[in-house]
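Have a look below at one chain only, the form predicted on its own, in structure tokens format.
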Amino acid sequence: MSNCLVAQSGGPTSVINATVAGIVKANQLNPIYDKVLGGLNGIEGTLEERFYDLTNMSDEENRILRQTPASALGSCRFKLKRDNVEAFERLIAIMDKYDIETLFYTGGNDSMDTVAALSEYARNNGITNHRFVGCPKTVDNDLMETDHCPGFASAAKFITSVAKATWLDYNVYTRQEVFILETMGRDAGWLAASACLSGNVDLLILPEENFDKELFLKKVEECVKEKNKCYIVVSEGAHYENGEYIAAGEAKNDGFGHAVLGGAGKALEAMILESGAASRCKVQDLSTAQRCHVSQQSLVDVNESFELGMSAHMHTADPSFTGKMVGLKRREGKEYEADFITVDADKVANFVKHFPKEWILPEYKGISEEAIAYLRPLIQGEPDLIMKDGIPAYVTPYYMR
């Protein structure tokens, strides 16, 4: 038998390691490969031949790996460009050297582009002994061809919990106050929208609709006049009609050419105070916390991420399986269930699945009942965490060993 390699790329999630655990466990139960190697720091580390052998991982470590946040193998922001022939040749040579038949790549949009690009290169060059499989993850939930992405549900559960808790906190005072919660979401508003599951969001600002400053301030003023309070949730990628972000600062240096955003909440605070719509504002930017927490993982999310890894491994028993991403399809019916599906990676790469505009209520009033019905099942359940010294146990990252 040959070997397989699993690597991680892009921004982590609280369940990204569960997919790795699923691939390892699947190969222990049904050995398709001699070894399961972990590629440290994604394609970047793989090109440097930096690996860690995961084959004989213990059951205990596998279980703890599923609850370990961030990328246990390390991540990267390496863009594998199609005109970089040297990188393709180098990667294929390394796969030959270590007898690696299949590369499982866990990541978001750009990672699926890597899977598509490698599959395309192999096909165009008559390379049949190497295969490439995508395993999706992103808290942004913006990948096409899948009902939702592993990682999103746990982030949504965390955001909903924070929204509920901070709403209760800022209501203890009788004074006038506006609270602004900022979430991730450069191109899509799934995370910000999920805060509405708390039932406490007064105004919601998403990237899917152009920001109207005058209308927004009017609605803030109306809300404050009515309740003496206003709870606002804004996505970091909210922007004006001309495409300019409302965020206080931006830069294009994340390695993939995407804007690195932050400051949308502070920008709204400045608008509100300067306009006199309210006399006091408080801003909470969830920043990295929304993607690396573990204490409020969704059990649905952890299980799906783990089982997706197992499904991806199983599909590679077919020697023709390559250039695919394993995704999720929701079954019809009242009770939530999902099946694992496969789609061509090039149908996912370089596309964005936006939060549906028909689910957005007018005048920043939140989301529809249909949206709530989509979101609610995903955040259900809590895994039975293994604890150590009063906090969840984590594996030591493999790139630190």
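Position 1 is the first residue in the sequence shown; the rest follow in order. Note that the structure is a prediction, hence the values are computed from the model and not measured.
One more form of this protein, predicted together with a further copy of the same chain, exists but is not displayed; see below.
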| property | result |
| --- | --- |
| 3, 29 and 303 all contacting a further copy of the same chain in the predicted complex, non-hydrogen atom within 4.5 Å | no |
| 4.5 angstroms heavy atom contact with a further copy of the same chain in the predicted complex for residue 179 | yes |
| Contact flag, residue 175 vs a further copy of the same chain in the predicted complex, heavy atom cut 4.5 Å | yes |
| a further copy of the same chain contact at residue 218 in the predicted complex, heavy atom, 4.5 Å | no |
| 4.5 Å heavy atom contact, residue 225 and a further copy of the same chain in the predicted complex | no |
| In the predicted complex, the residue from 266, 79, 130, 239 that sits within 4.5 Å of a further copy of the same chain by heavy atoms | 266 |
| Residue among 285, 101, 307, 208 with a heavy atom within 4.5 Å of a further copy of the same chain in the predicted complex | 285 |
| Location of a further copy of the same chain contact in the predicted complex, chosen stretch of 58 to 66, 36 to 44, 359 to 367, 342 to 350 [non-hydrogen atom, 4.5 Å] | 36 to 44 |
| Sequence-ordered residues of 372 to 391 touching a further copy of the same chain in the predicted complex, heavy atom within 4.5 Å | 376, 379, 380, 382, 387, 389, 390, 391 |
